[in-house]
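A single chain comes next, written as structure tokens; it is the form predicted on its own.
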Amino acid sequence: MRFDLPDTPPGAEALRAELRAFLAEAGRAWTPEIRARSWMGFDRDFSREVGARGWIGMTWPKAYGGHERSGLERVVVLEEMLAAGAPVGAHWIGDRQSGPLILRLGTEEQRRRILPGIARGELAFCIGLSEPDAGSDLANLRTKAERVPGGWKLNGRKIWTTFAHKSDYMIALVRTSPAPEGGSRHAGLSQFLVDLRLSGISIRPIRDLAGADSFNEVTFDDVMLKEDDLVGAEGAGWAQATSELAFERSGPDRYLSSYPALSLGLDALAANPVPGAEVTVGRMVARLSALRGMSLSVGGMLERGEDPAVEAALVKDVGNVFEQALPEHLRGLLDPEDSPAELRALLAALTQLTPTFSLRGGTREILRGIIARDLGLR
């Protein structure tokens, strides 16, 4: 397993400066609670503005609404959005993984129908993986699509589906044929592009312990899908979905979720130095730098068409440990009574959110199982 650093693309610093100017203006009204949620914050107007500036679908061909820029320029955009705590959830999943999946495996009709809307920040996506009786064990999922005249009939349930109640489409992993007896449980799974406005779909928001309603239960009751709603090859859904997860697990969103607090904390320490704080700050910055290098390396692999599923799992696991521990490190350095009000509010919001960081996109146990299997340990 290697993490070679790619070269920074020309123009990256100019792009970074343009982004910081835009975000400084756009973020004037963002509260600490909005900044803490960042890519879990849903704001369609903001996503349309980001799309109008050409910062969604950046690497996609212009024929599909993209801008034909490099993957590393896209990383610059992601880093600055997350560092500012921008509410990017309305376009995040479509830009990060559903769009790339459709571009790579979708039909020409799907590409021309869907991708321009994502790139404009107008179409929001959710991912249909977990199920009530399967949890994160995707090979055990029971939602199924049966081939019928003119298409497919979809029945079953998905749960913990982020932003399903606000999204336009779901990429759903479902069973289209039984797993062979004695064979791989991953066989017989397929992916579908599901229009969430179709008849037969019920979406029930689930309020979490922090009071947010981003999770949902989605029920499919004889939902009719068209023949060409199938994405990729029938029965190849497991390989497609796990490959897609490399986009989800390796990006800056897996280690920068707490970054706005780090930035404010360093400002507070600069104003009121704490003896010995250099050691803790140095360790946090060194770990952040190493994670950034690993994430950039995986980004380079994805741009070259490689399949770095294991490397992405490692970035997410180590990155989640870092971003979950960061608020506590800051509390150990700064007296809450003397900290700026914005930092106190941000840390309070992050305290409620950090337990979720190692759940979304694959639990720690799932990720470590993937890594252990690659290392020959299981």
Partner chain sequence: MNELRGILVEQVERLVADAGGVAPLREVEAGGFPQALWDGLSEQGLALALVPEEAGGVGLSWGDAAALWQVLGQHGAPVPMAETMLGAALLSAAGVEVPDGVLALGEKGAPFGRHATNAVKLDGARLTLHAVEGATPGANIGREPRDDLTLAPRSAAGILPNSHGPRALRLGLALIRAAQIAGAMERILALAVDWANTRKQFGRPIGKFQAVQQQLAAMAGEVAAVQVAVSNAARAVDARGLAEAAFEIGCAKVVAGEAATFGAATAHQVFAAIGITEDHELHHFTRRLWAWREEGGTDRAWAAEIGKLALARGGANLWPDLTARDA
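Positions refer to the first chain, counted from 1. None of the values given here were measured: they were computed from a predicted structure. Each form is matched to the other, and the largest set of C-alpha atoms that superpose within 1.5 Å is called the rigid core.
Omitted here: the form predicted together with its partner chain. The next part is about that form.
- In the model of the complex, its partner chain sits within 4.5 Å of a heavy atom of residue 289.
- Interface membership of residue 263, defined by any non-hydrogen atom within 4.5 Å of its partner chain in the model of the complex, is confirmed.
- When contacts are judged by a 4.5 Å heavy atom cut-off, residue 80 counts as touching its partner chain in the model of the complex.
- Contact check for residue 270: a heavy atom falls within 4.5 Å of its partner chain in the model of the complex.
- Just one listed stretch, out of 38-46, 311-319, 66-74, 340-348, contacts its partner chain in the model of the complex at the 4.5 Å heavy atom level, and that stretch is 311-319.
- Between the options 159, 294, 196, 138, the residue in contact with its partner chain in the model of the complex by a heavy atom within 4.5 angstroms is 294.
- Only one of 211, 149, 282, 178 comes within 4.5 Å of its partner chain in the model of the complex through a heavy atom, and that residue is 282.
- After superposition on the rigid core, the Cα of residue 353 moves by less than 2 Å between the shown form and the other one.
- Relative to the superposed rigid core, residue 334 undergoes a CA displacement of at least 2 Å between the shown form and the other one.
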